[in-house]
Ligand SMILES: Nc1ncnc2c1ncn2[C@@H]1O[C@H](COP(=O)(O)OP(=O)(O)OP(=O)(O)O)[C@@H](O)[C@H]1O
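Before any questions on how it binds or moves, here is one chain, the form predicted on its own, in structure tokens.
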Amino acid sequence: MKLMICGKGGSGKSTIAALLAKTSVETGNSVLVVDTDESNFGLHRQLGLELPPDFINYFGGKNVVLEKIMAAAPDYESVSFFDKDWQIADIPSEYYSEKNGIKLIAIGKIHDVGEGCACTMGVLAKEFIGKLKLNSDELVLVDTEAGIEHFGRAVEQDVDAILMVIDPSYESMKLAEKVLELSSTLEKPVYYILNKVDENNEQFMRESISNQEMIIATIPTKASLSVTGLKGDEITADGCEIESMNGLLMEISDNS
């Protein structure tokens, strides 16, 4: 199963990705986390892993990938970097970090001033996700950049479902509406995760979502999670987080 995790900046996408990965491993799955956020340098720490080298370097680096894309203009859909389908086992070991059944790859990061846009990483991420074929006990979690630019690149085209992380903010609520609209074009189901929930905001957050039956997890505000993220420490899942994540995975699996 391939799941795309999206939301506004600061909503907790990476925290949810880490909790999902750790929970899924505990249930016997192998997990690949695909970091497609070129500006996120914290996900690997939440997973307790080293940040691997940019996966785009396997294909020659950003400039080589960009040249190949531009050479195909205007027929960008004809660009291909894979001559066959891949399995997780085909990913070169030097381009992923691994610990306790979780693998992490990072499509690419912005490292220098003036190195250009992240479009090359988006093109590569889209094709990689599409070419990746999974065994029944494998889960892929795609952590996206904030907002909806990845929809413009159709990175979601080959995932099984989209997880929309909503925090208690007006911007997050409005973004959830847009994600639902865009996902319907791709005919992808959208599941909602209410994050940073407390007794004062949960009811309003729920009532703001038109299809409330698609809310499949709520993560309460928890000081320890906030402090862990602030310090850049590894997240440990326990108690209500594990219960919520297990329920989420079971719900999506049953509906896939």
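Bear in mind that the values here come from a model prediction, so they are computed numbers and not experimental data. Just count from 1 along the sequence shown to find any residue number.
Beyond the structure shown, there is the form predicted in complex with the ligand, which is absent from this document and is the topic of what follows.
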| item | value |
| --- | --- |
| Which of 194-202, 57-65, 26-34, 208-216 sits within 4.5 Å of the ligand in the predicted bound form, heavy atom basis | 194-202 |
| 4.5 Å heavy atom contact, Pro220 to the ligand in the predicted bound form | yes |
| The ligand contact at Met70 in the predicted bound form, heavy atom, 4.5 Å | no |
| Lys13: touches the ligand in the predicted bound form, heavy atom cutoff 4.5 angstroms | yes |
| Any non-hydrogen atom of Leu49 within 4.5 angstroms of the ligand in the predicted bound form | no |
| All of Asn40, Ala146 and Leu230 within 4.5 Å of the ligand in the predicted bound form, heavy atom check | yes |
